[in-house]
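Here we start with a single chain on its own, the form predicted on its own, put down as structure tokens.
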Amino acid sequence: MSKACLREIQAQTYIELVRQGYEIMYLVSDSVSTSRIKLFQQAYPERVVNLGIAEMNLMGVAAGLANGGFIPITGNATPFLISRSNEQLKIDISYSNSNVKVNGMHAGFSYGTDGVTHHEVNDISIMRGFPNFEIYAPCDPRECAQITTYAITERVGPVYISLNSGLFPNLTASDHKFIPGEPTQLAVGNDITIIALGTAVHDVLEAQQLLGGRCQADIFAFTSVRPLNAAPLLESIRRTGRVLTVEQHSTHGGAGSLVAELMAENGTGSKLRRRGIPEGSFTKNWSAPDNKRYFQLDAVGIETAVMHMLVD
């Protein structure tokens, strides 16, 4: 099964969208390599602006370009993109409802051994605090292309897209149609509901293979954080009575928190276990696979969590 880099899928999508007439401007903070925007830059060098290591200025310029009728996109490593420019994201883009698209690269711990300063396990929780932003975490290349296209061609207003690094195969069907707000269901079962943020669903599907016939799960890729049609999730949760959330993100403010809020507000009475970076914890300065093993976010860790829930 062929695999692709989500960042490169975005670059290819932007090339096609400019050909269709969309006035895209891509802004980077000394992050041409990180954003993998080189393909787009080679095709349209005048549409890429490198503002240097100045993320706060980056967001201000993006808001100004949006006011001028362009569709600005900001791309950089997530910890720098949203942490250093927090105030500008809030005032210039969120409160102003600016038509800016914010791409957070290397989400989670996918930056590897460059240090925990380069890991970002709070981006969803931070962006959930900003009004007007739609928030997405695509699970595979096909969905990444569709979300990227939607953000430019249909959504007028701010969008945040959280992108994991690495190479990923398509999990969605060839006729899959991304619909904002709809969870992406990838497997059907009655034993447990598993909800995974973005690309974490790949590890969930590997765990399902390890489980074999011992468990049949409803598996959802949680790719549309806001907006969210919670009805399919709640129906599944009520039916199975058990929920496991999986994310390369803190258990604070991410998929696990959001699902817990939904369950409490709707009185499901189901059992919930959250797999992620424990609230209040840092990641480790290790590779992504080592971090996944340590925090039990790999297939073996997920399999173990499911089995514990089935016997509780």
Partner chain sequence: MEPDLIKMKSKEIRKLILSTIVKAKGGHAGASLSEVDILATLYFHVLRISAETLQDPLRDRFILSKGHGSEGLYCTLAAKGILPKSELDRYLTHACDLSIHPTNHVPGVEICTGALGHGFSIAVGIALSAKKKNQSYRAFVLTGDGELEEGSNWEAAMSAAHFKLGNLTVIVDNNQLQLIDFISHTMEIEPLFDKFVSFGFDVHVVDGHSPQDLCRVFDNLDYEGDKPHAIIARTIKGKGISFMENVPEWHHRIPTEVEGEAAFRELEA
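Quick caveat, the model's predicted, so the values are computed rather than measured. Numbering follows the first chain given and starts at 1.
Below: the form predicted in complex with its partner chain, not depicted.
You can rule out all but one of 250 to 258, 279 to 287, 263 to 271, 62 to 70: in the predicted complex, only 279 to 287 has residues with a heavy atom within 4.5 Å of its partner chain. The contact residue chosen from R142, H202, R226, R84 relative to its partner chain in the predicted complex is R84, the criterion being a non-hydrogen atom within 4.5 angstroms.
In the predicted complex, its partner chain sits beyond 4.5 Å of every heavy atom of P45.
Taking the partner from elsewhere, F80 is found to have a heavy atom lying within 4.5 Å of its partner chain in the predicted complex. Residue contact check for R242: none of its heavy atoms lie within 4.5 Å of its partner chain in the predicted complex. Interface residue remark: T153 is not counted as part of the site for its partner chain in the predicted complex, having no heavy atom within 4.5 Å. Residues of 15 to 38 that come within 4.5 Å of its partner chain in the predicted complex, judged by any heavy atom, are D30, S31, V32, S33 in sequence order.
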